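What follows is one chain in structure tokens, specifically the form predicted on its own.
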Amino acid sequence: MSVIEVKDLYKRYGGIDALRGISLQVEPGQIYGLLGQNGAGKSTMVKILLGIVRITSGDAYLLGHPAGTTEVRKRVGYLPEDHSFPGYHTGESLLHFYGELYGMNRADRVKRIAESLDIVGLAKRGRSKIKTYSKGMKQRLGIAQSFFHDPEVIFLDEPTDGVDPVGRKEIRELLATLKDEGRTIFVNSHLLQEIELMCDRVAIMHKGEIVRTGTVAELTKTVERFSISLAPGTPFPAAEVKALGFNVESDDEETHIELKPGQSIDTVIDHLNAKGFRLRGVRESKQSLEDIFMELVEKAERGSTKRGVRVARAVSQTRRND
């Protein structure tokens, strides 16, 4: 059974579509990353799964139950993006407070507090006021709060945002530890490198739509793409290479050739040599998650523009007919 299953999910706020037909599945024991720009709809989807926001249409299931049911909420941990713990609390007193909300008795809370603070690296600062904590320490305490009641699924909204590189590394290691304990972790982030480093599977979201899903390895797999540079001042014969059936893109320094199935870069090199061009370099390039993300966003933007033009034309035609 999937831990999370979302089918054709829509959410509209007034005249704004925050989610537009989202569908995805998250399997047990994964660190699943939802990657997208601010405003893409990531937090809205998590709030729907937690029952904080109502669905406009579609279905969302968490641990086999409709999202937001009381039974499911007890089995889920959550760290929102803009959390703010009272500075007068200590790490220990804050977890005592949350433990009481979860219905834990004092003996269980005391035992669990020691374990949780040790896991997140705050054992020596548990009795310090939260107002003395760094951003990274507050994030680690927030993560401790999210798994304090031993949930099966943990939702983390931008868990490393604003944290220094050392803190981000520590949080990634912490999430790996929680995963090894058998938990499923759902991470929202706009930080591409963090998603690439910590997640097993990724969904890329743009303006309320899922535009690509896959493992990090699948999304960043090497494509047949080469970068070619010629002698200084020599223009690349793009039209000739395109006439051979190749996809060609150029920037100020290099020309990029992406091969279709059955094509070989040797054909391009042989053509350039035959025409007397002097090659400075040929290198195969691998796409990073950032490359994939930007490419998908650009394609989605072009598609949105085309849809907008079609809608505008349709509206204009309707008005003329009226």
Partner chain sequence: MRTFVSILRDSFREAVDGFVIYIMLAISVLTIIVVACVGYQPAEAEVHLTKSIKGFAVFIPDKGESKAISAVPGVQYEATSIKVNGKDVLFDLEVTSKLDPGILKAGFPEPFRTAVAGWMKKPYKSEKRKIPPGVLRGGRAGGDTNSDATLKELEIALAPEVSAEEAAAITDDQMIEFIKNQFGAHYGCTDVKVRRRSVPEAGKYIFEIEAINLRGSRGWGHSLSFLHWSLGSAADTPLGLVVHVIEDVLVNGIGGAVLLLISVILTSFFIPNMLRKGTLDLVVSKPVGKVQYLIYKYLGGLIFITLVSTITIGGVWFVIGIRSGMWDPRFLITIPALVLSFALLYSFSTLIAVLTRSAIASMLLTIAFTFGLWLVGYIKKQLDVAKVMGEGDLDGVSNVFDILNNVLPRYKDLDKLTSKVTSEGTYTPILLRFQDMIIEPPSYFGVLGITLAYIGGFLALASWRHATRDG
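Residue numbers count along the first chain shown, from 1. We call the rigid core whatever largest set of C-alpha positions still superposes within 1.5 Å between the two forms. From a predicted model like this one, the values you see are computed outputs, not experimental measurements.
If you look for the form predicted together with the partner chain, you will not find it shown, but the lines that follow are about it.
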- prompt: With the partner chain left out of view, which of Arg283, Lys260, Arg54, Lys275 would have a heavy atom within 4.5 Å of it in the model of the complex?
  reply: Arg54
- prompt: Which residue, Phe236, Tyr133, Tyr78, Phe226, has a heavy atom that falls within 4.5 Å of the partner chain in the model of the complex?
  reply: Tyr78
- prompt: So in the model of the complex, are Arg125, Arg140 and Thr215 all sitting within 4.5 Å of the partner chain, heavy atoms only?
  reply: no
query: Would Glu115 count as touching the partner chain in the model of the complex under a 4.5 Å heavy atom rule?
result: no
task: Verify the contact flag for Ser264: yes if a non-hydrogen atom of it lies within 4.5 Å of a non-hydrogen atom of the partner chain in the model of the complex, no if not.
output: no
- prompt: Would Thr70 show up as a contact with the partner chain in the model of the complex if we use heavy atoms at 4.5 Å?
  reply: yes
- request: Spell out, yes or no, whether the shortest heavy atom distance between Arg109 and the partner chain in the model of the complex is within 4.5 Å.
  value: yes
query: in the model of the complex, which of the stretches 162 to 170, 227 to 235, 88 to 96, 191 to 199 has residues with heavy atoms within 4.5 Å of the partner chain?
result: 88 to 96
task: Note that the partner chain is not shown here; using its position in the model of the complex, name the residues of 134 to 154 with a heavy atom within 4.5 Å of it, in sequence order.
output: Gln145
message: When the rigid core is used for the superposition, does Gln145 move between the shown form and the other one (threshold: C-alpha shift of 2 Å or more)?
response: no
message: On a rigid core superposition, would Glu194 pass a 2 Å threshold for CA movement between the shown form and the other one?
response: no
query: Core aligned, does the CA of Phe85 move at least 2 Å between the shown form and the other one?
result: yes
